[in-house]
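Single chain ahead, written as structure tokens, the form predicted on its own.
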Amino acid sequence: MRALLGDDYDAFVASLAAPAARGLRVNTLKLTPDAFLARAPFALNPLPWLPEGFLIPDPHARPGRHPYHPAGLYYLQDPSAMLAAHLLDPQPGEWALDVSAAPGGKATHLAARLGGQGLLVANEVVRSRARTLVGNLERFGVTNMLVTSEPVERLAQVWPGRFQRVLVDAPCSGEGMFRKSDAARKEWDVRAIPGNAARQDRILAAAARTVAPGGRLLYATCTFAPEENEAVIARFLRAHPDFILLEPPSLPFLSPGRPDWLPPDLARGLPLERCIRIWPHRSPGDGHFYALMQREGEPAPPAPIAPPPSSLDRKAEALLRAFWRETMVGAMSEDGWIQYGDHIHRLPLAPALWEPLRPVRAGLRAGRIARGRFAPHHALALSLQPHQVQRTLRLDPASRDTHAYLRGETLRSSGPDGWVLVTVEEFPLGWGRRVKGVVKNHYPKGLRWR
């Protein structure tokens, strides 16, 4: 890096020893940035290029321990990582694919930009990491999703040319994470760079097969190595003449790609300066690399999706309808309900459109049949608004009851018996079940505060 950066090297090294910036991105599925700023419990500085993005200047603030966080009002995310969805710019109704989506920062941002319309496929090949991805998407209230755990080649077989927006956040050497991750420093090995680059070539080529004519493909890494950045894009563009590298937007903190760091024969004739580098000594965020590409062809309207006909057995349907009459406001939707064992989901689209894949999560997990009744799932609570439920228990963010609920404790509340939507202000936290003035806690055990 000293040879590549020259006079910038000392500032670059100093930035890696500095504390990592803390970013916060408002969940625009639940409220506007202005509405969040009006109630923000800690100081925020706006990012100049992203309305929903902010920096947290106070090192003592604990945003992960505020009730707004489990309510899904925001995601704690590096400012540089927030650029991905901004560059891809998915529009409501489109199909978007995040190829390597865990833990969910970029995927939740894509979902927010889709605005509850269209479809988000969030893929994570490591199945154990896919569970964290599901949890973050559910916390954000996302229902128009499929979470898969498949090699990208498999996705390309099932969905060739299907997606208007595709994100490849490629596994990489990870030097961009050095200032916030000791593990990234310890695991880094220069000998891994060639193998990483070969893997990135394969992933990017397979992901390109899923891009619709006129669609956008974004390649992202958190490494500084040109072998994993400009070189990967150069090889891809030479092998895929139907893709062009787009001009980056004019925004603060963005530096151009460095074709001069590649062998001349590899870089010759390619506009690799259109790639984006974000340097930690020149921006508030960590190191990132982006290359935004577009497939040639006339864009076609995205394939419309609609919930399939319901397919519940007679007992499950009766119990679900009973819950709806006793708990919800308004008529229950007649389509989209499907049963996986004891679990009931509402699907955003017909299973025929993803077979033969077996998603980790399809649509909204509404609840399960247990002990002769329908028990609502936590994801259903986080997808609702208070006016959709007959009984709510509104808590103040600073109240003892709010923290007691998040610890899994019972609460006292007068009112009719039955399922209660527990909220912090008007934002759902989860379910409780009231019996004779006592609200039994149904906040998931794995999420409870200690």
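The structure presented is a predicted model; accordingly, all values stated were derived computationally and were not measured. Numbering starts at 1 and runs along the sequence shown.
Beyond what is shown, the protein has a form predicted in complex with a small molecule; the following relates to that form.
106 is the sole member of 106, 113, 165, 361 with a non-hydrogen atom lying within 4.5 angstroms of the small molecule in the predicted complex. This chain is displayed alone, yet in the predicted complex one of 339, 294, 283, 100 has a heavy atom within 4.5 Å of the small molecule; that residue is 100.
A residue is said to contact a partner when one of its heavy atoms sits within 4.5 Å of a partner heavy atom; residue 308 fails this definition for the small molecule in the predicted complex, lying far away. Although the partner is absent here, residue 199 is a contact residue: one of its heavy atoms lies within 4.5 angstroms of the small molecule in the predicted complex. Using a 4.5 angstroms threshold between heavy atoms, residue 152 counts as touching the small molecule in the predicted complex.
Proximity of residue 228 to the small molecule in the predicted complex: non-hydrogen atoms within 4.5 Å are absent; the residue sits far from the partner. No residue in the set 346, 349 and 379 has a non-hydrogen atom no more than 4.5 Å from the small molecule in the predicted complex.
Of the candidate stretches 310-318, 351-359, 240-248, 199-207, only 199-207 has residues with heavy atoms within 4.5 Å of the small molecule in the predicted complex.
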